[in-house]
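Single chain ahead, by itself, as structure tokens, in the form predicted alone.
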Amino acid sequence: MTPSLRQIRALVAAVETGSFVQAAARLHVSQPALTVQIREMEQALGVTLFDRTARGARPTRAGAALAASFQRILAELEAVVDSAREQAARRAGVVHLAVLPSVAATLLPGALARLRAAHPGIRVMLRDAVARRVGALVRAGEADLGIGHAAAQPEPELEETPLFEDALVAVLPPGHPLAALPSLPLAALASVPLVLTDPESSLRALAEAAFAAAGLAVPRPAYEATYMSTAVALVRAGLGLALLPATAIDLRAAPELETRPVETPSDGASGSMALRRRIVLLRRRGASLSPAAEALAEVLGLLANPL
């Protein structure tokens, strides 16, 4: 029989205090009850843990050695319990978050600052990734939460919570002829060199879907860029026009560039002419979140529509 936690605590307390009476008082049990626990452990292990004398009970060599081992086990157990309590109270914990690079560089830092102010002991491990990778990381359990693009067809393994909508704008180099227009028809972009993002990114998918929905040939990009900062640099050099989120921090770092809304044919339902993407919070359907992940999800849910 494996010693119970009560028996282990009884042995350790008796050895540490040197007295069954003091050990019983520490554990808030009667001395006879503590004595029974010690005897039951001796019977279960087949070894004498204390030598009983007229002056009391003294631990045997086996009893002292076993108590020393149990002291370490109890210390580790207390640490685990304390950690669990800290996490339950949202005072500690680690959250793994997969996030689109465009969001990671713009709106996320402010949200993380609010999380740290409310729960300074929670750590967030970030994985910035393209849209497909964000969903894959959440599905595989490698990320507790994800910030990605709403899927055209809902995935059964993932639960989406809307966060905000973001518009894509055309980014033009200084002096470009199209900058004379207040907004750019999608057809106008089909005839100029374009700088598009990675083929697996949500921005690329949204742009290509818009061209296809408008009955236009999906353009072959003049340049492809993984990072928005690279796309901005290519536009600055006059190598093409880019389609990037209006909230992109890289645009604010390049005030000499022009930005224009992009007009797309109305879908007849909303009448909206803006090229927009829906950003959602992703989690595995049916999977429980840790208290730390719940705290982060609450903070991310406070993100207001940036546009």
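Start at 1 and count along the sequence shown; that's the residue number. Here the structure is a predicted model, which means the values were calculated and not measured.
Quick note: we don't show the form predicted together with another copy of the chain, though the next part is all about it.
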Out of Leu126, Ala237, Ala212, Val81, which one falls within 4.5 Å of another copy of the chain in the predicted complex, going by heavy atoms? Val81
Quick one: of Leu181, Ile73, Leu216, Ala136, which gets a non-hydrogen atom within 4.5 angstroms of another copy of the chain in the predicted complex? Ile73
Looking in the predicted complex, is another copy of the chain within 4.5 Å of a heavy atom from each of Arg9, Leu45 and Arg284? yes
Residue contact check: Ala57 to another copy of the chain in the predicted complex, 4.5 Å heavy atom: no
For Arg91, is any heavy atom within 4.5 Å of another copy of the chain in the predicted complex, or not? no
Would Glu142 sit within 4.5 Å of another copy of the chain in the predicted complex, counting heavy atoms only? yes
Does another copy of the chain get within 4.5 angstroms of any non-hydrogen atom of Arg116 in the predicted complex? no
The chain here is shown without another copy of the chain. Which stretch in 254-262, 239-247, 25-33, 47-55 comes within 4.5 angstroms of it in the predicted complex, by heavy atom distance? 47-55
